[in-house]
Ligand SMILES: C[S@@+](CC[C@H](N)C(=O)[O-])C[C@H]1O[C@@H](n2cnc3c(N)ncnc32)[C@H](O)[C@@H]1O
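Before any questions on binding or motion, here is one chain by itself as structure tokens, the form predicted alone.
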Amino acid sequence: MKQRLVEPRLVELLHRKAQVTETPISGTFELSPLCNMDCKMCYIKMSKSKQESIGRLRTKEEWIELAKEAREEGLLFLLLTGGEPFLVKDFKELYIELHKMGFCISINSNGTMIDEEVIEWLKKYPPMRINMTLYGASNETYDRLCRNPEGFTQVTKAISLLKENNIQVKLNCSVTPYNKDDLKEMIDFADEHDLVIQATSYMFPPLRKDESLIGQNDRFTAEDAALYGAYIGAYQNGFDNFKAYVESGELSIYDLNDDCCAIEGEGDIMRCRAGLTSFWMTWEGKLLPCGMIPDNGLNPWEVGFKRAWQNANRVVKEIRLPAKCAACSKKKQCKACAAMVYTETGTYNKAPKYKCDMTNYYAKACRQVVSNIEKEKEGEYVEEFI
């Protein structure tokens, strides 16, 4: 298993230059909230009837026109996501047209719809990467978490086809109460197939799907999120390395997205790329700084991409993060981001208690994981919870 994908220095340099000029060099097109799976903790998935009650899906031509406007403003790196993008009508034609426009395209997918037919056109127009979520190590787990009893078989076939045709794959792994027992097998699967896997035990509250779910999701307790965050560290880095890390005492939860960042001080501004060099375009027509924050973004199909981007940039500059976090001795270990603060509390000026608790339990969780793994090696009983 590869530890992580290392961003090329050129990409980092381009983002640094883009930040100076506030250029939207990177963007996400969220094509649809519809999906052929129904994962219990999903932040976006809707039924067709609910989607239609909110708004219509955009046409291929509308997305292409938006892409042209965004390209004029500097867009280069484009992520296509959903829902499940391969479920979208005319996705093949849209993807090929965007590819011909010169974008460096990545695709987020659950992998269940990638078959031989799809591979044929992906080979001709290869993406930079397919980001595929791995939800378990068996069909039983996929059925329990995603309500898809054939999911693991479909995903493993897709991974084999992509690798055989030299299309880069990265695995994402959301660890929940429904697939926690598969964690080691999922990481071993990545190792066996020489794939990067980025796992997390933290699930954002799905405010994009239901604004009433502030601080709520079908997820671990904070204690168990810390415990399985520690298991992620142990399994990904090897037990000896993890044990040395725990004994060093410099513990921080490092199973989060590399683009996320810590809250650094009272009234501090956002430090990630959201709204500075990147944007998230929702299916219903909001251009947001970050896809996890249900902010009131402008609709570029109504006001134009440039104005909508300028609004997202302004929104980010006005965000100030919790004063309480500035005085916290564990702020560097916590790494709470603006989206986390907002979805956990409904505002930017309250500390996210769930993430605070998760961070406070983490050191104890790490020590327990070391003890548990040592006991497993000796064939002894292992405690399930902290």
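Residue positions are given as counts along the sequence shown, with the first one as 1. Note that the structure is predicted; figures quoted are calculated from it, not measured.
If you look for the form predicted together with the ligand, you will not find it shown, but the lines that follow are about it.
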inquiry  = Given a 4.5 Å cut-off on heavy atoms, tell me which of 310 to 318, 167 to 175, 116 to 124, 96 to 104 is the interface stretch with the ligand in the predicted bound form.
reply    = 167 to 175
key: Interface residue in the predicted bound form among Phe305, Tyr235, Tyr228, Tyr135, criterion: non-hydrogen atom within 4.5 angstroms of the ligand   = Tyr135
query = Within 4.5 Å of the ligand in the predicted bound form, heavy atoms considered, which of Pro289, Pro300, Gly151, Gly82?
reply = Gly82
Proximity of Tyr43 to the ligand in the predicted bound form, heavy atoms at 4.5 Å = yes
message = If we define contact as a non-hydrogen atom of the residue within 4.5 angstroms of the partner, is Thr282 a contact of the ligand in the predicted bound form?
response = no
request  = Although the ligand is absent from this view, report whether Asn217 comes within 4.5 Å of it in the predicted bound form, heavy atoms only.
outcome  = yes
request  = Would you please decide whether Thr141 lies within 4.5 angstroms of the ligand in the predicted bound form, comparing each non-hydrogen atom pair?
outcome  = no
task = Heavy atoms within 4.5 Å of the ligand in the predicted bound form is the criterion; list the residues of 107 to 139 that meet it.
result = Asn108, Ser109, Asn110, Thr133, Tyr135
